[in-house]
Structures are given as structure tokens and as C-alpha cells.
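What follows is one chain in C-alpha cells, specifically the form predicted on its own.
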């Protein structure tokens, strides 16, 4: 049966899902019902379909596609698994389904089939802006479609309308000592938001499993909407005066994040956040934060618990914290060799790092075998907005020198820079120099990717994840007898 015929056959299901969607919009989201009249008009008087309405139309078609793929290709092999892969952290094992993005070793990340360059060109932008709005990227991750400017503005307004954080969560953040790492506070606050989970309430009421995606969608929308306020409160408490400005209901998500950080008047920094949140959002399903969210959500834990787990993984120095490690190394280099060191001096410093048994942070990647397109996007932004910045010039020197050194060193499969090799230098330029905070920004962005997949996990009825494991003794018995 063709997908078109299957979709037609399920037309009645679409009507049913739209009806359920309408019910949840009225009953399960008090934040929306308390929205100002201006926002209500923004959200509901347009003829354009909302994200939730469009998703309700798409799900039956995708469900039929999954049935088809499983029927036609379910018994086919995705590849061999070796003992080295098992001992190597499952690196290279093909064993996950991730709808939002695919990482190609040569082409880099593609969001629903679109490269970063294509997303920069095609996704809607703010009025007068040049970088894509992350709201548009989220729409693309959820639906596989490029949204219109009107749809993105509606999504911006809806997130602003849902952005209020419960007072007990604000108090919880305020009671954290400023010596507690911002990522620990971030994870704590997200976990506490679980108190108001729509999915938990729906599950406890005995909702049909075919409707799990609806309350999951509501939780996802609520959670993403509240992240700027949470992230801003942590930043203000730890590094500033503790006063968090109110979000603006008629502004986009990145502008409001910039505002709570105190940078809303710097239009270039707002543009940087739009780019940053877009390119850091998703990197297929095998990285720690994505896989952790997928794994935890597979137990039917709600999106808050799944995303908190993702944040705990992102906080590690081999994952999201790497951006902090990179900028610390670069700043130390700059302090030791000066701001205008020649190439030979930089090269010698890189070699000294390697010869001391350390790695050069920001270079190499588990999958990529060329320069990370996310690095390239940030480099192009820097060339446009801060070409003469001394720190950017040093980053550029490293870009030209490190791959040659690593190739000569001979112990790195991929000598090219990844996304972390550049992001810290950009944030430093605009005055956001609190390095302990950088991973929080990464976490805000990563919510777009991992939570869009959790919606699809529910919509497609993915089971609990349970791979088979072996002991070392079992491996030896398997191959030595």
C-alpha cells in the first residue's frame, strides 16, 4: 500500500488526533489560557496551522512508513558488531533510530536532510536578521518541513506565553550556592519542573498509548519555553545581581535568552545566539546527551526527566563541557605566548601540549572526518563580525596549524576542528566570559533536538531500550572454545 493511500485510509485518525490536540490545548495548558489577549490573537486568529496541528496530520503517515520499513527491511542487517566496538563504548555500532538528523563523516550534520548552510538560507529569520531562528529549526526537526515566517512567529509567541517558571522552582534555584556548577543547577531545575508534567498526569489517568505523544508534546513545549528563564536565573544568581528581567512576548526565543543574560541591546550577540542555538541543537542519536534522553524516555519517563538526564551527560568534559576546555586552553596559550605570536611559536605550543601527554582540545571527532560544518558556520560569523579580534586570529592560526601537527603526530584519525574549537572565542568577544556557564547555553540548544525526538519516540511507539551485554569471560568463552 502506498503511503498516500495509507494516509487517506487514516484520514479519520487525523480528525481524531486533531480533536484530541484541541482538547489538550484547552485543558492541559493553563499557561496558554492565561495568555494576554495580544498573544491569543497571535496564536489563534491566523489561518496557518500550528506546530501541534501539523504534527497531528503527519503522525499517521509516518506510522505507516515505519510499518512499511519494518515489513520490507526488518530482517536486513545494518552491519557487523565487533568485540572492539563493545569495548570501545559501542562506537560505530548501528543500532538506533533518530529522525531529526543524520551525521555523515564527510558532509557533516544534516537536519532532516538539510545541511547547516541550507538551513541558514531557508529557515525564517528575524526582521533585519541574517541568521536562522531556532524556532524554525525546531519546526523542521519535528515535522521535516521548512516553516513559514508566520508559523515561526506563532511558535515564538507560544513559547513566550508558556515561559513562566513555577515559584517553587525559582526558589529552588535561588537557594543554590553560587559555588554549585551552573549545569548542576540547570539539571536540578529541569527535574523540579517535572512536578507539572502533562504526560505524568495523562499516564496516571489511563490515557491510550496512541495518545502519549500529545501530552509529551505539551511537556516539550512547556519545557523549551521555560529554559531561557531558568538559564537566565542561574546566570544572574551566580555571576550577576540575581535580578532576572521579564521576557518580551513579541520577541523571538534567542532575543529573550539574550535579554535574561543582559545582552538584548547587542544585536550582533542576539544574532550569534540564533546561530548558536540552531547549530548546537542536534547531532544525531548516538552522542551521550541525545542517547541518554532517548534511553530514559524509552522507560516512559516524562520529557523533564529525560532531558535532565541528557544534561547530566552533556556536563561531562568529553561532551558539552569540551567547549569550556577549549577556551581555557586557548586563553592559557594566549597568556603564555602573547596575543600576536607567529605561526612557529603557535606550532611549538601545540607540539608541547601533545608531547606532555595531553590532547589538543577542540580537534577530532568520533564520526566526522573533515572540518565540522558547525565550526565553519561560526568561523564565517566571526569573519563577518569580528575579523580583527586577537582571540579569533589565534583561533584562525590554530585552524591552519593544528591539523598539520596532528597529521604529523599520527595518532588522530580526524585532525580537523569540531564545533567546540570556536564557540568560546565568540562568546568571549561579546563579553560573556563566564566559562562555567557555556555548557548551559549548549544545553538550551540541545533541548530542541533531543525533545523533538522524544515526541517521535512516543508517536511511533518505540519500546524500552534494552541491548544485550556480555562479560569479558563470556567473550573469551565465545571465541576461545
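Numbering follows the first chain given and starts at 1. Owing to the predicted nature of the structure, the values given are computational and were not obtained by experimental measurement.
The same protein also exists as the form predicted in complex with a small molecule; that form is not shown, yet it is the one meant from here on.
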Query - Interface membership of residue 363, the small molecule in the predicted complex, 4.5 Å heavy atom rule - result: yes
Query - Proximity of residue 382 to the small molecule in the predicted complex, heavy atoms at 4.5 Å - result: no
Query raised in the report: residue 317: heavy atom within 4.5 Å of the small molecule in the predicted complex?
Result: yes
Requested in this report: May I ask you to state whether residue 50 is within 4.5 Å of the small molecule in the predicted complex, using heavy atom distances?
Outcome: no
Query raised in the report: Of 358, 73, 94, 209, which one comes within 4.5 Å of the small molecule in the predicted complex, counting heavy atoms only?
Result: 358
Report summary line: Assert contact residue (the small molecule, in the predicted complex, non-hydrogen atom within 4.5 Å, options 406, 192, 119, 165) equals 406
Query raised in the report: Among 334, 386 and 397, does every residue place a heavy atom within 4.5 Å of the small molecule in the predicted complex?
Result: no
Query raised in the report: Can you say which of 432-440, 415-423, 447-455, 59-67 gets within 4.5 Å of the small molecule in the predicted complex, counting heavy atoms only?
Result: 415-423
